[in-house]
Structures are given as structure tokens and as C-alpha cells.
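A single chain comes next, written as C-alpha cells; it is the form predicted alone.
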């Protein structure tokens, strides 16, 4: 059914969604470029959830020379670490409310007994709670671990594994660390999942490899083909991730754009995954639309194909935001996989991008690093966006009445926002106001929650009317017996009267 709706929807909405940045600029002129999808998968524009607080270029950051092809970014408290890849350095800036960002430090070398104490094309960085720096020094084929004073502690080298090509150059691209100091790495050319290192540098295996997908006819042909023909066929191998992010609970969000349109459309592949310690995907996907960004992929404005999820970040309320490198958009989802909003686009105006490569958050603010513009765009929530987050936080804290009231404020701003209706319904459900909750769920075709509310409402109704139900059932069963008995007695009396006469 979804595919049918999607195909019909393409004819009706592709002209709106896919004519490129020119349409995006028109939307901006109307004061909004934020949208969502309704139950029918139609595009619904909405008030902006985020606004641009500033765009900070190399000059604004106080740098002596411009950023050159920056590829990575990490936020630690009020500090932002930028991998200035082309200049072989790490730039550290501090956020100061009155001044935006000010230059804190430039790291071009480090101390310690090591042959090479400089960087070569660093692509990612992570900072531990103790202030230790983990740097994906891609050009030097290593992951560095430095202390807070930039002293060399150790490095993580190419994993020793018999399944890896011995001639493969180790090129660590993206990294995350957990609270125990274990390192998870994405390396170029290694598609077996995430490379996992223990805190002592020991390689401990691969985790989170994506499921292998293939066409059945190709599989049959590969079985029948000669050895030379097999060598020419594409191998059935897992997909390589583009980026990873470790949330506050220790789960790893992983995203990739290395998937086909057919696999996305059929559900055989996922653009976003949430991995537990065993590498299993535990991402909840209860939303009406799939968790892969834009639904419609027609050509327009020089862009085509599905969203390319290139980076991802997650808040403490389990809302996660993914960056679409293809069309320069940001997609925010809640912990149930429901799309909260999407915004952005490709272009040269504030709030648009030319080559976005990294996404981070600072509180509920979002930072996007643009490699081509060599700048950081800072987004802060609007009243509309803040109310959405507030309603989610209140519900998670058990403040169901307050959450419903906040969702009502969201609805007052945007009466077409489906999640406001569902949010009110969920708050009423938790308040045991089942009949009212059913009305809100019915309005937005939320069958699952409607069924939950109806089940509880039915149980509650039965408990309240049990006496009446008992009397009715008793009457249905007993009254016919009594009537029958009376008729029998009357019949016996009539017969007795006949014999007496």
C-alpha cells in the first residue's frame, strides 16, 4: 500500500520537492524551508524548527589561514574541535555567547617518543571525559591517543586479521570512543563493519556489519558461472558506513549512503542504524515514513537519488538528527523513528550548504561544517522547535499532563502537525483518559496507539458497567427460563381444569 501511495505521491509532489535549490530559495522567501510528511506521505510545510544564529568562516574563527577541506568535527562542553584536514591540523574554538566562537588552540604537532609527531590529513577526532584526544590520522594510517597536554600515549594501527587484504593501506576515517576507552573506527576500504579496539590498543574484531543484500537471479548466475565470470561479478559484501556517533547510553548510531534505491525502497537496507554492544541494530522504526530522509528521489536542480546520510548526532532525549549530503538537509527523528521535521538545502544563503560534511550538537543547538564554504553554521531552535523538544522531554519525565499542554501549544502554531495530535493522544493515554485519546489517534490514523487506547477503554468500560452487564446477561439467560416455566405451569393448570370438568 505504501508503495502505491508513494508512486501516486511522486506525481503530485515531485514538482514541489525536486526542482532544486531554486525552490528552496522560494520557500525561504516565504519565511520557512522546514517540512514534514503527513499520513498520506504528502509534503507538509511548517514553521521553522531551527533558525540560523550565525555562519562562522575562517576569519570569524580568528584563524591565520583559511580552513582547507575540513572533514571532521567534535563538540566537548563549549569547545568545538575541527579537523582542518587540508592544513594537517586540529583547530579548537570555544563558544562564547556574546562573540560566537573564539579561537582557543591550533594543534599542529604533539610531544612524545614517536617517529612522526605531526598529522597528515586528520579526518576525525573524539575527546574523552578525561580530556584525552583520539585522532584519526588518516594520512599516516593510524589512530592517535594524546593526553590533555598533547603528550603521545599510544596509537591504534591496522588490525591484524586474516580476512583483510595484506596490501590494503589502513586509512581510518571516522572514530568514536566509549567510556571505557574502547575505540570504534570506520576505515576506508574495510566493509566488515566497525573496527573495534580495546583500550590497550588490541584489535578485538568487527561489529555491526550491515546485512548482505543481493538479487536472487544474480546469486543463481554466480553459482553457475565460471571462475573467470565470477571474478567479474560484483561481490556480495556488507555496506561500508559513512559515519558514526556514540550516544549518552553507549549505543552507536551509524549512517551510510552506500545503499541502492531498490534496497531502501524494499526495506532490504537501512540508511541509519543504532547498534548495541553486540553490533545488533536496535533502532525503533514505528514512524509512518521510513527512516531514510526524503521520500521522493526524482531529478531536479542537479540532484537525484535518495538522501545520502553522511553524518548523525543524537540528543540525550534520544532525538537524533541526520545530515543528508546529497541535498544538504537535516532530518530529525524521535526515539520511535517518527520524523519530527526536515530542513535545509543546497545553496549559498545562510542555512544552506554547498558541501556539508559534519554534524554535531551543543545542547539542542546544531552545528554543520561545510567543507567547500570552510565554515560552521550554527542553528538554534525556534519557539516551535523548542516546544517540540519540551513536549518530548516532559513525556519522558512522566509529566504527561504538562506534555499534552505543550503539544497543544505546538498545535496552536501549526495545526497540520500530525505529531502534536499523536503527542496529545499519548499524554491522554498515560493519564488513563482513553476515550479522549482515541479521538486524537483517530484523527491522524495512528492505528497502533488507537488499538492500545481502545483496549484499555474497553476494559475500563466493562469494569464500570459490570453490574449492568451481569443483570443483562442474567436477564437474557433466566427470563426465558422463567417464562417457559410459567407457560408449563399454566399448561398443567389448564389440563387439570379439563379433567375436573
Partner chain sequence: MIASLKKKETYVHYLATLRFALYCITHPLDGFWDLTHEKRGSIAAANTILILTLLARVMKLRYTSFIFMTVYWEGINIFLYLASVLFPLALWVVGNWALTTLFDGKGRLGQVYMATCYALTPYPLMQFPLMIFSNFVTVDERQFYTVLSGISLVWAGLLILAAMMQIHEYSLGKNVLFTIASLFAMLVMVFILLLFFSMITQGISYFISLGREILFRL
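Positions refer to the first chain, counted from 1. Predicted model, so just to flag it, every value in this text is computed and none were measured. Heads up, when I say rigid core I mean the largest set of C-alphas that superpose within 1.5 Å between the two forms.
Separately, the form predicted in complex with the partner chain exists; it is not shown, and the next lines address it.
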property	result
Proximity to the partner chain in the predicted bound form, single hit among 64, 432, 464, 447 (heavy atom within 4.5 Å)	447
Of 60, 436, 442, 460, the one that lies within 4.5 Å of the partner chain in the predicted bound form (heavy atoms)	442
Proximity to the partner chain in the predicted bound form (heavy atom, within 4.5 Å), stretch among 448 to 456, 469 to 477, 64 to 72, 46 to 54	448 to 456
Heavy atom of residue 35 within 4.5 Å of the partner chain in the predicted bound form	no
Residue shift check between this form and the one not shown, rigid core fit, residue 459 Cα at least 2 Å	yes
